[in-house]
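A single chain comes next, written as structure tokens; it is the form predicted alone.
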Amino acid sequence: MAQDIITIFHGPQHPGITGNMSVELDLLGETIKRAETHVGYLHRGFEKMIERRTVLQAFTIVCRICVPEPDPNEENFARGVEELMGLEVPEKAKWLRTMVLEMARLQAQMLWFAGQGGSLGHYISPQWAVADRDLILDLFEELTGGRVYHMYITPGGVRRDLPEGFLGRLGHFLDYLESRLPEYDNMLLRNPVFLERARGVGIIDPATAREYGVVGPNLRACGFMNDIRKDEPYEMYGEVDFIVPTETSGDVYGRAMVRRAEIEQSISILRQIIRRMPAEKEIMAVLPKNHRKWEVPKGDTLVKTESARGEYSYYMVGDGTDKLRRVQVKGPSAVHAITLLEEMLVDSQLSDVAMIMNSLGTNPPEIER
């Protein structure tokens, strides 16, 4: 007797999902025949919210577009406003921004490890990774006053200078995290269960990666050495040495190994920043006297940054008023979580859905923005 197609919803609550999203699945037995992504369970409408507020009011909104890694939104927004207004940011502020972006990348990668372990039912991974991530959040709280939303990178520079002894505490954390990486390798990345389930699953071939506009670790796991930090350096990335890790398998395992290598690169970048942090006190550009009513000159700009999930861009238009005429945010998740994921899941097994989803590093508010 022929089997019937059944429809189920995977999520929005699941230990292996990076955010509040759901995938509607048509199943024939355990095999997926159709997949449709549903988002909108969290925030939405950010772009219009930004356009209806003054520049300084909008500054507090952008970080919420990506909960796991809000700082690239702050940096993109600030740099876009600075380009439109012709603001020159002090060098130390650029070093501080680069430091914050790499700290944000580290905590985002730790959260990714937690989700990847959770997607397999390997719950010691979330326990370890979230606990170690909390140590980075402690440093963020000390620097910015917030653990998740920092609102630290503001148009013109940064909000405050380093607390006394902060760089030493950051260096101590980097030493600790580096010492933990072999344990993460043994716990998850060399785990026979993970190797058996991740290799050859969720493959993205190079042609598909280019056709769909895949970015970040997902693209680098297909052998492409694309990274905005190298290709179009911003802030102080042109002053630090690092490599862009790649893999060629294009599968869940390859994406995990790229992220693992990127943690080491972020540790190296942060150590260079600690050594080279200027002693000067200037951390903010000269700003308009009336902070409540900045007038953004007519013009447009496109700024890009490299988040932990890939290329992040802001297109911003000023029209001479105190509000931005148009703001369009492009994060990696729309491609990874909808057009790519919906095709990748067809003919996959139900047990692999969460692992494939997490391996792409998606974030739903980037889509419902």
Partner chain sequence: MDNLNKKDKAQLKELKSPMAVVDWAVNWFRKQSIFMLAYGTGCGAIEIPPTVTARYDAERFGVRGAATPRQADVIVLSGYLAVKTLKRVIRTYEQMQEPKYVIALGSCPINGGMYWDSYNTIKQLDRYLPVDVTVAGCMPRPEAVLEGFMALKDKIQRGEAEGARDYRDNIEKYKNNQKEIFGDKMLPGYTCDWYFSDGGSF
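In this text, all values refer to a predicted model and were calculated from it rather than measured experimentally. Numbering follows the first chain given and starts at 1.
One more form of this protein exists, namely the form predicted in complex with the partner chain; it is left out here, but the text below deals with it.
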At 4.5 Å between heavy atoms, is residue 147 in contact with the partner chain in the predicted bound form?
yes
In the predicted bound form, is there a heavy atom of the partner chain that lies within 4.5 Å of any heavy atom of residue 68, even though the partner is absent here?
yes
Is it the case that residue 89, even though its partner is missing from this view, gets within 4.5 Å of the partner chain in the predicted bound form, heavy atoms only?
no
Touches the partner chain in the predicted bound form: residue 141 (any heavy atom, 4.5 Å):
yes
Would you confirm whether the three residues 52, 126 and 130 all fall within 4.5 Å of the partner chain in the predicted bound form, going by non-hydrogen atoms?
yes
Assert contact_stretch over 239-247, 147-155, 272-280, 255-263 against the partner chain in the predicted bound form, heavy atom within 4.5 Å, equals 147-155
May I ask you to choose, among 170, 296, 177, 111, the residue with a heavy atom within 4.5 Å of the partner chain in the predicted bound form?
111
Taking the partner chain in the predicted bound form and a 4.5 Å non-hydrogen atom cutoff, the residues of 34-57 making contact are 39, 40, 41, 42, 43, 44, 45, 46, 48, 49, 52, 53
